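Given as structure tokens, the chain that follows is alone and in the form predicted on its own.
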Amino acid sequence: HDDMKQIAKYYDDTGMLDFIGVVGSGCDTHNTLANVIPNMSYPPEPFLHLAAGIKEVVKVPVLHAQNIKDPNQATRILEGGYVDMVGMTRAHIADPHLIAKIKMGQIDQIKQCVGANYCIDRQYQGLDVLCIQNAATSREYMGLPHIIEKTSGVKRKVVIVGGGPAGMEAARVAAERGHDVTLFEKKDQLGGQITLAAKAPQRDQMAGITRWFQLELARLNVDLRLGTGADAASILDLRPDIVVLANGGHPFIEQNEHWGAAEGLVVSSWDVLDGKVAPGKNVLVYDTICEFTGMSVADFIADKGAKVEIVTDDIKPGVAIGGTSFPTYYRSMYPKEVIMTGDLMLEKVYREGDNLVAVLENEYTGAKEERVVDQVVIENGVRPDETLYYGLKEGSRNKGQIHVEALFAIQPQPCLSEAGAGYLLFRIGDCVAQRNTHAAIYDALRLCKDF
């Protein structure tokens, strides 16, 4: 840091600089790259002290922009004289109307960045920059709105089942359109899988997504029925014009009967993160998805002091996690001596005395290995829960069908403008097929914006 202060002063003394931007890390390795765009595992403004040190020795304005995500935080930094300007890149990706909302006194309505780094990780993969919680960002040209306008048509009764990301966004957008919205959620809190994700080490800020939705649904007077499971009778009793099912799915641990889910030989990542099942002492985590959940549950179990091996049939655990996110998992898991193993499929699990034996097969050679453990945790994605959908399908005007071409083109569903008695039925999110948080919210926004 002293060297950088000396260098900064040297260039400042030339009189040729307009300002200095301070980034608190290099980016020459995977590990240091993660520091440049700090994700939710970092504390707020983790490198502000370095920027403040540069400001002490130069005359030009100093700019700093790492993990500064809300206006109150930015105000404190500026008023404290630490730097002259703050940058809030990801904050504006999450909510492009941030400045307007500050001016209008609507700070509580700002959709605050949670540091998921869905945006920058996609950029490093050569993809478009999207936000985990704002499906309109980067899709404005397609007609997806950030500000939902009131409908000029009839006011409808909209019933939504499921309080995860898809259901919360559906309720918000339908209510913004001016409709009468009721949301059923069988648990006593909103959030769905976001709530599970936030229980893992370093992932607690994911809950910020839910907190924003809670504030918005309260502002919009959505009728929230928490702790209330919905069935066809209770839905139809409300005489809905539109029913949106966002009731998700269940962990797909029954896919291979030889894993022994029916006999209770394996548990799901959800069971452990939700506290339904206590972590074992010697645990094998088998992850076929290679995204956040498998790594999170392995880190969660290791954090409790267990011996953990995470195995995948892919090339390495967490391979689908982006470039600014997987290093922070590795930093957490290597010191806990978590073993990370690739290229092995879980063939079967059987009991031997008080232990479980997991039989693994090499993806390339077919050679088999065994692990003797006291718990096997499986992350194998989500299987849609379809019972409610098929119970309502035949009675619906549109037979539960979404016009896929219209959905992909961000156009209204044709059935919305067709006359008829009864209700329209749509399903979104994981109760259609496995999705991530962003995709579930995207489903809801592009469907419900035209209600």
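Only a predicted model underlies this, so the values are computations on that prediction, with no experimental measurement involved. Numbering starts at 1 and follows the sequence shown.
Not on display, but discussed next: the form predicted together with a small molecule.
Proximity to the small molecule in the model of the complex, taken as heavy atoms within 4.5 Å, picks out 30 to 38 from the listed stretches 387 to 395, 412 to 420, 30 to 38, 51 to 59. Contact check for residue 145: every heavy atom lies farther than 4.5 Å from the small molecule in the model of the complex. Of the heavy atoms in residue 90, some are within 4.5 Å of the small molecule in the model of the complex. Taking non-hydrogen atoms only, residue 355 never approaches the small molecule to within 4.5 angstroms in the model of the complex. Heavy atoms of residue 282 never reach within 4.5 Å of the small molecule in the model of the complex, leaving it off the interface. Shown without its partner, this chain lists 100, 215, 278, 129 as candidates; in the model of the complex, only 129 has a non-hydrogen atom within 4.5 angstroms of the small molecule.
Site annotation in the model of the complex: the residue of 189, 123, 109, 341 reaching within 4.5 Å of the small molecule with a heavy atom is 123.
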